[in-house]
Ligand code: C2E
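The chain below stands alone and is given as C-alpha coordinates, in the form predicted on its own.
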Amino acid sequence: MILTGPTEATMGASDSYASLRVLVVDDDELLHAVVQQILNGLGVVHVGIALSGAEALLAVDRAEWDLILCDLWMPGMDGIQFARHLGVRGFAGGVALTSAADGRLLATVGHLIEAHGLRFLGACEKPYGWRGVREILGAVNGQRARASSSVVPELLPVDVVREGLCLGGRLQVWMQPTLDARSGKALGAECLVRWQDPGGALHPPNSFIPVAEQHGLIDQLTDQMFVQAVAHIARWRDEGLRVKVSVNLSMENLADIGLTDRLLDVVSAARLSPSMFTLELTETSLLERLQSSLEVLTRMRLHGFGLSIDDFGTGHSSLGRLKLLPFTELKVDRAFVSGAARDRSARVILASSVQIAHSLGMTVVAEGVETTDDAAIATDLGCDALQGYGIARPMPAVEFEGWFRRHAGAGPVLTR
(Lines give C-alpha, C1' and ligand atoms only; values in the text may rest on other atoms or scores of the structure.)
Protein backbone atom coordinates (compact mmCIF):
# COMPACT_ATOMS: atom_id res chain seq x y z
CA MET A 1 0.00 0.00 0.00
CA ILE A 2 1.39 3.37 -1.08
CA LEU A 3 0.51 6.67 0.57
CA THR A 4 1.14 9.78 -1.49
CA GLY A 5 1.92 13.19 -0.09
CA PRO A 6 1.38 16.69 -1.51
CA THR A 7 2.30 17.03 -5.19
CA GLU A 8 2.56 19.81 -7.68
CA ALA A 9 -0.91 18.87 -8.90
CA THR A 10 -2.39 20.11 -5.66
CA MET A 11 -0.90 23.58 -6.02
CA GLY A 12 -3.72 26.06 -6.54
CA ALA A 13 -6.37 23.34 -6.27
CA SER A 14 -9.46 23.77 -4.13
CA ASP A 15 -8.85 23.04 -0.46
CA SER A 16 -12.41 21.78 0.16
CA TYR A 17 -11.14 18.18 -0.05
CA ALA A 18 -7.69 18.75 1.41
CA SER A 19 -8.49 17.04 4.71
CA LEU A 20 -9.95 13.91 3.11
CA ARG A 21 -8.10 10.60 3.32
CA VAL A 22 -8.96 8.43 0.32
CA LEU A 23 -8.03 4.76 -0.14
CA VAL A 24 -8.16 3.49 -3.74
CA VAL A 25 -8.58 -0.30 -4.04
CA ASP A 26 -7.93 -1.58 -7.54
CA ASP A 27 -5.79 -4.38 -8.98
CA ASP A 28 -5.10 -2.44 -12.20
CA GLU A 29 -1.83 -0.63 -11.60
CA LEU A 30 -2.19 1.37 -14.81
CA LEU A 31 -5.25 3.12 -13.40
CA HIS A 32 -3.57 4.11 -10.15
CA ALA A 33 -1.67 7.00 -11.69
CA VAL A 34 -4.85 8.24 -13.37
CA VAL A 35 -7.05 8.28 -10.28
CA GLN A 36 -4.21 9.63 -8.13
CA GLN A 37 -3.72 12.52 -10.54
CA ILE A 38 -7.43 13.30 -10.50
CA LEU A 39 -7.63 13.19 -6.71
CA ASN A 40 -4.53 15.34 -6.29
CA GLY A 41 -5.84 17.79 -8.86
CA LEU A 42 -9.07 18.11 -6.89
CA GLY A 43 -7.08 18.94 -3.76
CA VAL A 44 -6.92 15.55 -2.02
CA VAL A 45 -3.52 15.33 -0.33
CA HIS A 46 -3.69 11.90 1.32
CA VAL A 47 -4.28 9.10 -1.20
CA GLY A 48 -3.68 5.45 -0.36
CA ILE A 49 -3.33 2.72 -2.98
CA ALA A 50 -4.14 -0.96 -2.35
CA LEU A 51 -3.81 -3.69 -5.00
CA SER A 52 -6.25 -6.12 -3.38
CA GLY A 53 -9.01 -6.39 -0.83
CA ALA A 54 -6.69 -8.09 1.64
CA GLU A 55 -4.15 -5.27 1.34
CA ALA A 56 -6.91 -2.71 1.74
CA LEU A 57 -8.15 -4.35 4.93
CA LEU A 58 -4.66 -4.07 6.39
CA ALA A 59 -4.71 -0.36 5.51
CA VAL A 60 -8.11 0.03 7.21
CA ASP A 61 -6.79 -1.67 10.34
CA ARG A 62 -3.79 0.67 10.49
CA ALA A 63 -5.35 4.07 9.68
CA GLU A 64 -8.62 5.96 9.38
CA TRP A 65 -10.05 6.72 5.93
CA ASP A 66 -12.86 9.06 4.91
CA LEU A 67 -13.49 7.29 1.62
CA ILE A 68 -12.71 3.92 0.07
CA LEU A 69 -12.93 3.96 -3.72
CA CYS A 70 -13.21 0.26 -4.51
CA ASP A 71 -13.17 -1.72 -7.75
CA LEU A 72 -16.01 -4.22 -7.88
CA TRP A 73 -14.10 -6.90 -9.81
CA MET A 74 -10.89 -8.02 -8.09
CA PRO A 75 -9.26 -11.45 -7.90
CA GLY A 76 -9.09 -13.15 -4.52
CA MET A 77 -11.69 -10.89 -2.91
CA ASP A 78 -14.32 -9.06 -4.96
CA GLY A 79 -15.92 -5.81 -3.89
CA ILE A 80 -18.94 -7.52 -2.31
CA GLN A 81 -16.75 -9.71 -0.10
CA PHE A 82 -14.60 -6.71 0.75
CA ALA A 83 -17.68 -4.76 1.88
CA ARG A 84 -18.70 -7.60 4.19
CA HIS A 85 -15.29 -7.49 5.88
CA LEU A 86 -15.53 -3.70 6.20
CA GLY A 87 -18.89 -4.08 7.89
CA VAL A 88 -17.46 -6.53 10.42
CA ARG A 89 -14.78 -3.97 11.22
CA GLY A 90 -17.36 -1.23 11.69
CA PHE A 91 -15.77 1.01 9.05
CA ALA A 92 -17.12 4.52 9.59
CA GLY A 93 -16.10 6.21 6.34
CA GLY A 94 -17.86 6.24 2.99
CA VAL A 95 -17.65 3.53 0.33
CA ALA A 96 -17.92 4.19 -3.40
CA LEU A 97 -17.65 1.68 -6.24
CA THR A 98 -15.70 1.89 -9.47
CA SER A 99 -16.85 -0.47 -12.18
CA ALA A 100 -18.02 -0.78 -15.75
CA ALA A 101 -20.97 -2.92 -14.60
CA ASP A 102 -24.53 -1.87 -15.43
CA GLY A 103 -26.33 0.56 -13.17
CA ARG A 104 -28.87 -1.92 -11.77
CA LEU A 105 -26.13 -4.27 -10.60
CA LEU A 106 -24.26 -1.39 -9.00
CA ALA A 107 -27.44 -0.26 -7.24
CA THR A 108 -27.97 -3.77 -5.88
CA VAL A 109 -24.40 -3.90 -4.62
CA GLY A 110 -24.98 -0.51 -3.04
CA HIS A 111 -27.91 -1.93 -1.07
CA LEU A 112 -25.72 -4.83 0.06
CA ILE A 113 -23.08 -2.38 1.24
CA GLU A 114 -25.67 -0.47 3.26
CA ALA A 115 -26.98 -3.76 4.67
CA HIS A 116 -23.54 -4.23 6.22
CA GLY A 117 -23.97 -0.95 8.09
CA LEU A 118 -21.71 0.99 5.72
CA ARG A 119 -22.29 4.36 4.07
CA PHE A 120 -22.64 3.84 0.32
CA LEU A 121 -21.86 7.02 -1.63
CA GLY A 122 -22.51 5.86 -5.17
CA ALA A 123 -20.57 4.54 -8.12
CA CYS A 124 -17.97 6.01 -10.46
CA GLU A 125 -17.85 4.44 -13.90
CA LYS A 126 -14.58 3.38 -15.45
CA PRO A 127 -12.58 4.84 -17.06
CA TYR A 128 -12.10 7.37 -14.27
CA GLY A 129 -13.25 10.89 -15.05
CA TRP A 130 -12.87 14.19 -13.22
CA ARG A 131 -16.60 14.77 -12.89
CA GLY A 132 -17.41 11.35 -11.46
CA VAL A 133 -14.64 11.50 -8.87
CA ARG A 134 -15.55 15.07 -7.94
CA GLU A 135 -19.17 14.04 -7.35
CA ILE A 136 -18.05 11.21 -5.06
CA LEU A 137 -15.86 13.61 -3.07
CA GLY A 138 -18.80 15.98 -2.79
CA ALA A 139 -20.87 13.11 -1.42
CA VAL A 140 -18.18 12.47 1.21
CA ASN A 141 -18.34 16.08 2.38
CA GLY A 142 -22.13 15.91 2.34
CA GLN A 143 -22.00 12.75 4.45
CA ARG A 144 -19.70 14.50 6.91
CA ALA A 145 -22.07 17.44 7.22
CA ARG A 146 -25.12 15.23 7.68
CA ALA A 147 -23.32 13.05 10.22
CA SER A 148 -22.39 16.09 12.30
CA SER A 149 -25.94 17.44 12.16
CA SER A 150 -27.68 14.09 12.71
CA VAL A 151 -26.16 13.29 16.06
CA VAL A 152 -29.09 12.45 18.31
CA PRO A 153 -29.23 15.22 20.91
CA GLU A 154 -30.03 14.72 24.55
CA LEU A 155 -33.74 14.97 25.25
CA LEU A 156 -34.89 17.96 27.23
CA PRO A 157 -36.43 17.07 30.60
CA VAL A 158 -40.20 16.91 30.51
CA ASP A 159 -40.47 19.51 33.29
CA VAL A 160 -38.43 21.94 31.17
CA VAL A 161 -40.67 21.37 28.15
CA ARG A 162 -43.87 21.65 30.17
CA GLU A 163 -42.78 24.84 31.93
CA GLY A 164 -41.48 26.36 28.69
CA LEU A 165 -44.77 25.76 26.90
CA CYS A 166 -46.74 27.21 29.79
CA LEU A 167 -44.61 30.36 29.97
CA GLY A 168 -44.33 30.72 26.18
CA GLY A 169 -41.54 32.27 24.18
CA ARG A 170 -39.42 29.12 23.91
CA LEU A 171 -40.47 28.03 20.41
CA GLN A 172 -38.84 29.66 17.40
CA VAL A 173 -40.16 29.15 13.88
CA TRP A 174 -37.50 28.58 11.24
CA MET A 175 -38.27 28.24 7.55
CA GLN A 176 -36.82 26.26 4.66
CA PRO A 177 -37.74 27.80 1.28
CA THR A 178 -39.47 26.09 -1.61
CA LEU A 179 -38.95 27.06 -5.22
CA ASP A 180 -41.10 26.82 -8.35
CA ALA A 181 -39.36 24.22 -10.51
CA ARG A 182 -40.11 25.84 -13.86
CA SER A 183 -39.79 29.56 -13.23
CA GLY A 184 -37.25 29.55 -10.40
CA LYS A 185 -39.57 31.79 -8.41
CA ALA A 186 -39.71 31.53 -4.62
CA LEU A 187 -43.02 29.99 -3.55
CA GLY A 188 -42.97 29.81 0.22
CA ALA A 189 -41.46 27.65 2.94
CA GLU A 190 -41.79 24.71 5.26
CA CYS A 191 -42.04 25.83 8.88
CA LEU A 192 -39.64 24.10 11.25
CA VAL A 193 -39.45 24.53 14.99
CA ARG A 194 -36.52 25.16 17.33
CA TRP A 195 -36.44 25.42 21.13
CA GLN A 196 -34.60 28.41 22.59
CA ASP A 197 -33.51 28.06 26.20
CA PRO A 198 -33.19 31.05 28.58
CA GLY A 199 -29.50 31.35 27.71
CA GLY A 200 -30.28 31.76 24.01
CA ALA A 201 -29.08 28.31 22.89
CA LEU A 202 -31.20 26.59 20.23
CA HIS A 203 -32.24 22.93 20.44
CA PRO A 204 -33.34 20.85 17.42
CA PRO A 205 -36.81 19.30 17.13
CA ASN A 206 -35.70 15.78 18.04
CA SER A 207 -34.62 17.02 21.46
CA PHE A 208 -38.11 18.10 22.54
CA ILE A 209 -40.84 16.89 20.14
CA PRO A 210 -40.58 13.24 21.28
CA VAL A 211 -40.88 14.48 24.87
CA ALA A 212 -43.98 16.47 23.99
CA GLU A 213 -45.54 13.49 22.18
CA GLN A 214 -44.85 11.09 25.02
CA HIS A 215 -46.20 13.35 27.78
CA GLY A 216 -49.33 14.75 26.15
CA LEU A 217 -47.86 18.17 25.31
CA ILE A 218 -47.77 17.93 21.53
CA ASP A 219 -51.12 19.70 20.97
CA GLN A 220 -49.93 22.68 23.01
CA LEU A 221 -46.64 22.75 21.10
CA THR A 222 -48.33 22.52 17.70
CA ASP A 223 -50.81 25.25 18.59
CA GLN A 224 -48.03 27.64 19.63
CA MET A 225 -46.03 26.94 16.51
CA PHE A 226 -49.05 27.43 14.27
CA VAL A 227 -49.92 30.74 15.94
CA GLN A 228 -46.39 31.99 15.24
CA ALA A 229 -46.52 30.84 11.62
CA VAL A 230 -49.85 32.58 11.06
CA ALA A 231 -48.52 35.78 12.65
CA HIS A 232 -45.59 35.82 10.21
CA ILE A 233 -47.84 35.25 7.18
CA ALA A 234 -50.26 37.98 8.30
CA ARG A 235 -47.46 40.50 8.82
CA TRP A 236 -45.94 39.73 5.44
CA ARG A 237 -49.39 39.99 3.85
CA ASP A 238 -49.75 43.49 5.29
CA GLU A 239 -46.36 44.34 3.75
CA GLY A 240 -47.42 43.13 0.31
CA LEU A 241 -45.86 39.66 0.37
CA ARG A 242 -47.90 36.56 -0.41
CA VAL A 243 -46.12 33.63 1.21
CA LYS A 244 -47.57 30.14 1.45
CA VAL A 245 -46.20 27.87 4.15
CA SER A 246 -46.46 24.28 5.28
CA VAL A 247 -46.60 23.22 8.92
CA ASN A 248 -45.72 19.74 10.17
CA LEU A 249 -48.24 17.83 12.24
CA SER A 250 -47.68 14.90 14.55
CA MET A 251 -49.89 11.85 14.32
CA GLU A 252 -50.68 12.53 17.96
CA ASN A 253 -52.30 15.80 16.85
CA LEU A 254 -54.75 13.92 14.65
CA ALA A 255 -56.19 12.10 17.67
CA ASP A 256 -57.79 15.43 18.69
CA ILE A 257 -61.02 15.97 16.75
CA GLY A 258 -60.97 19.64 17.80
CA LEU A 259 -57.71 20.34 15.93
CA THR A 260 -59.36 21.56 12.74
CA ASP A 261 -61.56 24.08 14.58
CA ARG A 262 -58.60 25.46 16.56
CA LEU A 263 -56.53 26.00 13.44
CA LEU A 264 -59.47 27.62 11.65
CA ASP A 265 -59.99 30.03 14.56
CA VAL A 266 -56.34 31.16 14.42
CA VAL A 267 -56.43 31.68 10.66
CA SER A 268 -59.76 33.51 10.78
CA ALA A 269 -58.58 35.85 13.55
CA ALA A 270 -55.67 36.89 11.31
CA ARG A 271 -58.01 37.43 8.33
CA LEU A 272 -56.17 34.84 6.27
CA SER A 273 -57.37 32.01 4.07
CA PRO A 274 -56.71 28.37 5.03
CA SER A 275 -55.47 27.94 1.46
CA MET A 276 -52.29 29.77 2.49
CA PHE A 277 -51.36 26.81 4.70
CA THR A 278 -50.45 23.23 3.94
CA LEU A 279 -50.36 20.69 6.76
CA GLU A 280 -47.68 17.99 6.41
CA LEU A 281 -47.66 14.41 7.65
CA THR A 282 -45.02 11.77 7.00
CA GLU A 283 -46.10 8.72 5.03
CA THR A 284 -44.77 6.25 7.59
CA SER A 285 -46.58 7.83 10.53
CA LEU A 286 -49.80 8.21 8.57
CA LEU A 287 -50.04 4.51 7.82
CA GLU A 288 -49.93 3.65 11.51
CA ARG A 289 -53.37 5.08 12.33
CA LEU A 290 -55.03 5.82 9.05
CA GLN A 291 -58.66 5.20 9.97
CA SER A 292 -58.71 7.27 13.15
CA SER A 293 -57.10 10.27 11.44
CA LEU A 294 -59.22 10.24 8.28
CA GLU A 295 -62.03 12.35 9.77
CA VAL A 296 -59.67 15.09 10.93
CA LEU A 297 -57.79 15.15 7.62
CA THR A 298 -60.99 15.25 5.60
CA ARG A 299 -62.37 18.19 7.63
CA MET A 300 -59.12 20.08 7.18
CA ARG A 301 -59.32 19.64 3.44
CA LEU A 302 -63.04 20.51 3.41
CA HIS A 303 -62.27 23.87 5.03
CA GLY A 304 -59.51 24.74 2.57
CA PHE A 305 -56.23 23.66 4.12
CA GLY A 306 -53.74 21.97 1.84
CA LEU A 307 -52.58 18.52 2.90
CA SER A 308 -49.13 17.13 2.12
CA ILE A 309 -47.81 13.60 2.42
CA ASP A 310 -44.11 13.92 3.30
CA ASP A 311 -41.19 11.50 2.64
CA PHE A 312 -43.20 9.68 -0.02
CA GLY A 313 -41.62 6.44 -1.14
CA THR A 314 -40.40 5.34 2.29
CA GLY A 315 -43.64 4.03 3.79
CA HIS A 316 -44.88 1.64 1.09
CA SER A 317 -48.27 3.27 0.60
CA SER A 318 -50.66 1.36 -1.60
CA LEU A 319 -52.24 3.24 -4.47
CA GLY A 320 -55.64 2.51 -2.95
CA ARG A 321 -54.74 4.33 0.25
CA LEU A 322 -53.26 7.23 -1.65
CA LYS A 323 -56.47 7.55 -3.65
CA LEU A 324 -58.56 7.46 -0.47
CA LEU A 325 -56.73 10.28 1.32
CA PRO A 326 -57.62 13.89 0.42
CA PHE A 327 -54.01 15.06 -0.05
CA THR A 328 -53.17 17.95 -2.35
CA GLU A 329 -49.38 17.63 -2.34
CA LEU A 330 -46.83 14.83 -2.45
CA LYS A 331 -43.25 15.37 -1.27
CA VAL A 332 -40.86 12.83 -2.77
CA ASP A 333 -38.21 11.69 -0.31
CA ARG A 334 -34.66 12.92 -0.89
CA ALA A 335 -33.49 9.31 -1.40
CA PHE A 336 -35.14 9.40 -4.84
CA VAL A 337 -34.07 12.97 -5.72
CA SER A 338 -30.49 13.55 -4.61
CA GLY A 339 -28.27 11.89 -7.21
CA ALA A 340 -31.20 10.77 -9.39
CA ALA A 341 -29.42 12.11 -12.48
CA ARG A 342 -26.94 9.21 -12.10
CA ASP A 343 -29.22 6.60 -10.52
CA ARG A 344 -31.63 5.07 -13.02
CA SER A 345 -33.71 3.28 -10.37
CA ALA A 346 -34.19 6.51 -8.43
CA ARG A 347 -35.25 8.28 -11.64
CA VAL A 348 -37.85 5.60 -12.36
CA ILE A 349 -39.32 5.91 -8.87
CA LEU A 350 -39.28 9.70 -9.07
CA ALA A 351 -40.96 9.71 -12.49
CA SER A 352 -43.60 7.21 -11.34
CA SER A 353 -44.33 9.24 -8.20
CA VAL A 354 -44.84 12.37 -10.28
CA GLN A 355 -47.14 10.57 -12.69
CA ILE A 356 -49.24 9.07 -9.90
CA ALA A 357 -49.52 12.35 -8.03
CA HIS A 358 -50.47 14.38 -11.09
CA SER A 359 -53.06 11.81 -12.12
CA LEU A 360 -54.66 12.31 -8.68
CA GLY A 361 -54.57 16.10 -8.99
CA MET A 362 -51.68 16.57 -6.55
CA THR A 363 -48.67 18.82 -6.89
CA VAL A 364 -45.21 17.32 -6.38
CA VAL A 365 -42.33 18.71 -4.30
CA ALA A 366 -38.86 17.22 -4.77
CA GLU A 367 -37.02 17.13 -1.44
CA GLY A 368 -33.26 16.89 -1.02
CA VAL A 369 -32.26 18.99 -4.03
CA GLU A 370 -28.56 19.61 -3.53
CA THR A 371 -27.11 20.23 -7.01
CA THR A 372 -28.07 21.73 -10.35
CA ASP A 373 -28.28 18.16 -11.70
CA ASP A 374 -30.80 17.26 -8.99
CA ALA A 375 -32.86 20.33 -9.86
CA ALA A 376 -32.69 19.64 -13.59
CA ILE A 377 -33.78 16.00 -13.38
CA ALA A 378 -36.60 16.77 -10.94
CA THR A 379 -37.84 19.56 -13.20
CA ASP A 380 -37.52 17.47 -16.37
CA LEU A 381 -39.53 14.67 -14.77
CA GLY A 382 -42.35 17.07 -13.92
CA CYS A 383 -41.88 18.06 -10.26
CA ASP A 384 -43.71 21.29 -9.50
CA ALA A 385 -41.53 22.58 -6.65
CA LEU A 386 -38.03 22.05 -5.28
CA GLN A 387 -36.67 22.04 -1.75
CA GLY A 388 -33.24 21.23 -0.37
CA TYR A 389 -29.89 22.50 0.85
CA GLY A 390 -28.87 23.37 -2.70
CA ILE A 391 -31.63 26.00 -2.70
CA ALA A 392 -31.48 27.17 0.90
CA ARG A 393 -31.02 25.74 4.37
CA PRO A 394 -33.56 26.35 7.15
CA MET A 395 -33.28 29.89 8.52
CA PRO A 396 -34.96 32.12 11.11
CA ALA A 397 -38.20 33.71 9.88
CA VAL A 398 -36.64 37.19 9.75
CA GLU A 399 -33.89 35.92 7.45
CA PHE A 400 -36.42 34.08 5.31
CA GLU A 401 -38.31 37.31 4.70
CA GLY A 402 -35.18 38.84 3.17
CA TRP A 403 -34.49 35.69 1.15
CA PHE A 404 -38.04 35.65 -0.19
CA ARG A 405 -37.88 39.29 -1.23
CA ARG A 406 -34.63 38.69 -3.11
CA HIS A 407 -35.95 35.64 -4.93
CA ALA A 408 -39.59 36.55 -5.51
CA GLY A 409 -38.81 37.04 -9.20
CA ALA A 410 -37.85 34.25 -11.58
CA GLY A 411 -34.26 33.12 -11.76
CA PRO A 412 -31.86 30.45 -10.49
CA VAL A 413 -31.21 30.37 -6.76
CA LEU A 414 -29.19 27.18 -6.30
CA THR A 415 -26.41 27.86 -3.83
CA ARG A 416 -24.02 25.29 -5.27
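Owing to the predicted nature of the structure, the values given are computational and were not obtained by experimental measurement. All residue numbers refer to positions in the sequence shown, first residue = 1.
Just so it is clear, the following notes concern the form predicted in complex with this ligand, a form of the same protein that is not shown.
The three marked residues, 228, 260 and 306, fail to reach this ligand in the predicted bound form, with no heavy atom of any inside 4.5 Å. Figure note: of the listed segments 219-227, 162-170, 79-87, 294-302, the one touching this ligand in the predicted bound form, with heavy atoms no more than 4.5 Å away, is 219-227.
Residue 248 is the only one of 196, 248, 345, 99 with a heavy atom lying within 4.5 Å of this ligand in the predicted bound form.
Screening 192, 264, 255, 158 for any heavy atom within 4.5 Å of this ligand in the predicted bound form leaves a single hit, 192. Heavy atoms of residue 122 never reach within 4.5 Å of this ligand in the predicted bound form, leaving it off the interface. In the predicted bound form, this ligand lies within 4.5 Å of some heavy atom of residue 176. None of the heavy atoms of residue 71 is located within 4.5 Å of this ligand in the predicted bound form.
Mapping the unseen interface onto this chain, residue 369 counts among the residues with a heavy atom inside 4.5 Å of this ligand in the predicted bound form.
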